[in-house]
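Given next, in structure tokens, is a single chain: the form predicted alone.
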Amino acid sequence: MTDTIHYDFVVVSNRLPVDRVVDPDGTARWQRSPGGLVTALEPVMRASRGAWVGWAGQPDLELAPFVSDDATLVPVPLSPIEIERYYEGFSNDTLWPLYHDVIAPPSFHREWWESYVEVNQRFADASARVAAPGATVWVQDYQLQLVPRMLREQRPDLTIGFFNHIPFPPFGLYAQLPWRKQVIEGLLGADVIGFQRVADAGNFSRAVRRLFGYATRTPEIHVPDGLGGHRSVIAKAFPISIDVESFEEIARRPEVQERARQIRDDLGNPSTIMLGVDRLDYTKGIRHRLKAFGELLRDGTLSVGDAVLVQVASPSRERVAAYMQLRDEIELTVGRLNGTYATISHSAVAYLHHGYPREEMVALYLAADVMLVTALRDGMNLVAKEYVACRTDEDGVLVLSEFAGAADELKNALLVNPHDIDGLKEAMVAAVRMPHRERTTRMRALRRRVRDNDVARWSSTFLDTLRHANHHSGAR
């Protein structure tokens, strides 16, 4: 491939920032994916003539690099067996539950690990091919933890960053992973490793000390370079955020505000609309939320007609057994609650198992009096920040799990332990009954925080740290 074009800035993630859409007439086209990462990196890609390396989302799709929205996209093919083993298997049935406090038991299979290694090498090779001499490569998330080291071995000239979008577990849990050393060696190939929370960075540094005995002095880790010296790797928190201005702009549109009023109307104009918006995932605490709401109805603290819970649960990993079981459990619970408490004119729970466009989500945020983010463990949870960004009216109450990364920043939310059903019920009642003045005071403080740390600041802070780290990283 002597005619390969090289790029000074390369993003590497499991998925490309576009989805392949086939129109009714059979024409295939690429449509930009929703999601914060795409929004965050788009300006950087434009400014730096960048490339994005990732899987195109469908099996056995062999595609040459192509341009979309001023960025060059470099597809990495995956076979059906690799999707099953590397993606559904090792990434989402081994690493995901392990990194989320073993809420569901992780599965350890050697053939999954072997596929993970092979696919990570393919991503590293594709990135090395398109990176210009001295380029910056930013690797994203837990599916590609081996890529930094693989890249460094091929291309020591590169500046390499890695950002972990999910939690990094305490050593007692992480130590269960049979390939625990290989994963950490993979990550230590980066110059800067970013985490959502200070606690995640601390967990990672402790794992390095326990497994390798390398000297660490927060945020630096001294990694031997094989030549008698060392490289200095930075491991620290860079909490990710959202494009606040775009959410505010949508929230101010008259048609979106009208849609919010229509949603309230369609729900029978209850006094309180509670809202949950999650991927259908066992880490999100949807069962705990439904249990608490059901008990409030049972106790007579809340009544159908006065209060309704709207639960949006977008489909997720539908071929993984734990997710199929979760969907069945949640739909059974919703059916039971509605069967017991609904009236002919009012549901107890409005359950919506599909995704929505951003405008509809913003209308739901505007319609909701109380936002319930009760994750059992979450790297960040951007829904909490989206709700706050949309509340340009400075109203609404955020009930937020202390186990979501967002809790480190959004201190003016009602913070809860979602495992404590009584505590969760108390917070939900406090949110429903909160005086207007307190709601406004809390929401103003939350909005200031979200606006101060938006997604542009997140990416620029990380990349500034990466530039600085590469110039001061000790012997090479």
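For every residue, the number given is its place in the sequence shown, counted from 1. All values reported here derive from a predicted model rather than from experimental measurement.
What comes next is about the form predicted in complex with GDP-alpha-D-glucose, which is not displayed.
Taken together, the three residues 196, 240 and 386 all come within 4.5 Å of GDP-alpha-D-glucose in the predicted bound form, as judged by their closest heavy atom. 279 is the sole member of 180, 129, 231, 279 with a non-hydrogen atom within 4.5 Å of GDP-alpha-D-glucose in the predicted bound form.
When you look in the predicted bound form, the only residue of 330, 166, 297, 173 with a non-hydrogen atom within 4.5 Å of GDP-alpha-D-glucose is 166.
From the list 68-76, 355-363, 201-209, 302-310, the contact stretch for GDP-alpha-D-glucose in the predicted bound form under a 4.5 Å heavy atom rule is 355-363. With a 4.5 Å cutoff on heavy atoms, residue 314 counts as touching GDP-alpha-D-glucose in the predicted bound form. In the predicted bound form, GDP-alpha-D-glucose sits within 4.5 Å of a heavy atom of residue 381. GDP-alpha-D-glucose is not shown here, and in the predicted bound form it never comes within 4.5 Å of any heavy atom of residue 86. None of the heavy atoms of residue 293 is located within 4.5 Å of GDP-alpha-D-glucose in the predicted bound form.
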